[in-house]
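Taking the form predicted on its own, here's one chain by itself in structure tokens.
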């Protein structure tokens, strides 16, 4: 709808140190989607990891009431986290843990908060890509302070959405494209091209293996671009 090629990402930006207090913070933008990702460090691991001599990375996702076209009620006011929020939070956490040596974190927990300021499709993928940079910044500061002996980051992690409209595969859908898509796919990959998670649903007509191959091929191109954006944001 915005004139992009089918395999072209929306404009991507990762603005580091966006907030003052967090050990790592990034404002991630995928087109008009904006997600504030912050990393907070606690000098203790979860109780269930006691005596295992490793740390933990977890995530919480939320959407501000007016991040969308119409206002949604705050989940804190309703007193209950929605199923979608819980599912996305778990996706972000397990995606980021795939890039981390938890033993190297020692007895620490890093929590990645992903708050959607403005939603126009791809909020979970922007959260993962931005959340990884916030996590890397927090680890960098722990190393600089002498709290960590080695870098826990083992590999880059990024994510992108894809879809099928008609017979065409599209990369990085905005809200209106996602709404009209015949298939909705979210792809999380490492910088080396390993698949961490692949979520895909046919909204109407089932898609073929040829479409799946094209989705993975196009997704890898998008991930490569996103990882380079992450490296640039981290000054690498």
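All of these numbers come straight from a predicted model, not from anything done at the bench. Residue numbers count along the first chain shown, from 1.
Keep in mind that the form predicted in complex with a further copy of the same chain is missing from the display, and what follows is about it.
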ask   = Quick one: is residue 66 in contact with a further copy of the same chain in the predicted bound form, heavy atoms, 4.5 Å cut-off?
value = yes
key: Contact flag, residue 213 vs a further copy of the same chain in the predicted bound form, heavy atom cut 4.5 Å   = yes
ask   = Does residue 19 reach a further copy of the same chain in the predicted bound form, with heavy atoms at most 4.5 Å apart?
value = yes
message = If we define contact as a non-hydrogen atom of the residue within 4.5 angstroms of the partner, is residue 40 a contact of a further copy of the same chain in the predicted bound form?
response = yes
ask   = With a further copy of the same chain left out of view, which of 171, 181, 36, 45 would have a heavy atom within 4.5 Å of it in the predicted bound form?
value = 36
ask   = Taking 81, 194 and 202 together, does each of them reach a further copy of the same chain in the predicted bound form with some heavy atom inside 4.5 Å?
value = yes
Residues from 101-119 in contact with a further copy of the same chain (non-hydrogen atom within 4.5 Å) in the predicted bound form = 111, 113, 114, 115, 117, 118, 119
